[in-house]
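Given next are two forms of a protein chain, the same chain in both, each as structure tokens and marked structure 1 or structure 2.
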Structure 1
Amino acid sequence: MGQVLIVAECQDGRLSDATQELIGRGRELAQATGGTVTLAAFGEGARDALRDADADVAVVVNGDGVQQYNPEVYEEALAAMVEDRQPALVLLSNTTMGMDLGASLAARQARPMVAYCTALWRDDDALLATSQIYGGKLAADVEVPDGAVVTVIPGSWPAAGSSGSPRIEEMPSPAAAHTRVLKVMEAESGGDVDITRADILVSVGRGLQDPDNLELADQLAEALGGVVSCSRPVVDAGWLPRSRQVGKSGKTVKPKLYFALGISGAPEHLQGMKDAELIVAVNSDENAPIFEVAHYGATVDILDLMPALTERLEGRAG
């Protein structure tokens, strides 16, 4: 394998966890074949985030057109970079930006694409990937052709540490021919709670039965020193904002403790929390899929458990 090109995403002046995951695996694949790792990032703010990344080269695309995400400008820049460098593999996170750019880049460059990947490894001379299909209900192992564009679901493997000193190169951003960013709308804050940063999550699902029972979850979360998150049915019912949703269409979380209460464990939800350090599941259905990933489980009514457990925890604290 020659050059591995990784499209980086930055958050608050640092590389996102999803990007660090790509860097770790990209470095492993490159080292196995004597290849190199190149990072591509956008905007002046990305420069500091790239300084200690584990890459050989970091290309900063800079100019007026990339200070905010603009799919047309980003695609033009990446297409020029791919045309010039001819990487053997292009890696993007399976995020909103990654899915947007990956498909357009592959089509434009006539490169094969493998999306929704959860594993990427070498077997002799072949590069293989596991791709989720049918909404995560099936997983397919496929051979990745040379030059492919691959999007990887965040949380698929551990993130790399910052242990490099890449050569930083500049690339001017192309001008946008048709697309202008008129307004950036911030996502709902969910009460200024970022569930991706919480060490303890009390996550509730359909088994909550009624929005009034959210108070029981809030009290338990407070007693544990955590915050409340949820599965998609709770968001669809309007009981909690989408910023609290865990899963494929929500957020990927890796807390120290994930308390799954009344959650059946659909593949879309498991995708977002399966890498938590400790998973405790409570569901009255002993056949619920959530128990397949849980470290501990109980088949009791969560409406009985939550107040009893809260009382016990508060008593111990007292």
Structure 2
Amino acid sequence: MGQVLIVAECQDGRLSDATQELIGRGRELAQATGGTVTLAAFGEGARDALRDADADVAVVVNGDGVQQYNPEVYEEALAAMVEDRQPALVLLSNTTMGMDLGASLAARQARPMVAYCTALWRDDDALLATSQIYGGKLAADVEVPDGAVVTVIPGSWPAAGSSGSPRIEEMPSPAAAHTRVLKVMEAESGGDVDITRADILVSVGRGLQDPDNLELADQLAEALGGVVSCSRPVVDAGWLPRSRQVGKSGKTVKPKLYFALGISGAPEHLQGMKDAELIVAVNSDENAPIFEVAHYGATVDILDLMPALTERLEGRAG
């Protein structure tokens, strides 16, 4: 393997955990074959963040265009780097940035791509990846051709512990001709309740079927002394505010008890709740992936269970 090019993302002045994961595996793969690791990073802040990263070279793109994420500017810079360095492997995290740039970079450079990677290893002469497909219900083992772009799901393997001192190279930021970022907005803080602080979450998904049924979840939450949270479709349907959403594009929660009611357990949802201390899942589909992370489960109708459970809890209290 020649060069492994890793697209770095920073958070609060540090390389993100997802980026550290890429660096760790990138280093292993490079080392086995005498290759090198190059980081592509953006913005003045990145320089400090990657000072001791385990890479040989870090290209820091700097200038007006990278004060915030702009797909056009980032992609132009990455395309130039790929053109110039001809890496044997390009790694991005399957974050907004990775989902935004991975495929377009692969297409414009005529490079093969593997998306949703959860494992990346060498087997004899081939580089192989596992790709998570069908909402986490299936996996595919894929041969990764030379020069491929691979987007990796964050948390797929532990982050690198080792450090280094990459040689820093500067690259002026390309100009944005067609794309402008007008305003960056922080997450709506709190909303009516802060689901990240609740000990007990009664979380409802599309299995709720109708917003009128929210009342059942409210009553159950009340009886338990908990708070109602939800999966993304419930927010997109306008049934609950975005502040209640658990998952990749919502909140990460770690309550003492997480009730997943009518939630299938898509990877994007699991990302936000899999570390809850106790998970109880109720889903009419016995094959729902949520049962793989839940500690206890039942295949009953949530519209029957919620009132039955509420009644029992209230009876007990009274």
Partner chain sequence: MKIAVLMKDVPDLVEELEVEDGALPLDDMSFVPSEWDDQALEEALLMKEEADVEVTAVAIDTGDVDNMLFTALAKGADRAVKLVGDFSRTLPNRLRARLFAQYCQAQAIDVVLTGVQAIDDLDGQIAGLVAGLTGRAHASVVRDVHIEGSQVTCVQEYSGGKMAEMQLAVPAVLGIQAARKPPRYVTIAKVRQIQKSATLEEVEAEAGTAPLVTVRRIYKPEAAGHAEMWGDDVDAVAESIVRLLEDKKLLRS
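Think of the rigid core as the biggest set of C-alphas that the two forms share within 1.5 Å after superposition. Residue numbering: sequential along structure 1, first residue numbered 1. All figures in this text were calculated on a predicted structure; none of them were measured in a lab.
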I want to make sure I have the labels right. Is the form predicted alone structure 1, or is it structure 2? 1
Once the core is aligned, does Leu29 move its Cα by at least 2 Å between the two structures? no
With both forms fitted on the core, give yes or no for whether the Cα of Leu39 moves by 2 angstroms or more between the two structures. no
Did Arg122 shift 2 Å or more between the two structures, C-alpha, core superposed: no
Would you mind giving the Cα movement of Thr310 between the two structures in Å, after fitting on the rigid core? 17.5
Shift of the Cα of Ala288 between the two structures with the rigid core overlaid, in Å, rounds to 7.7
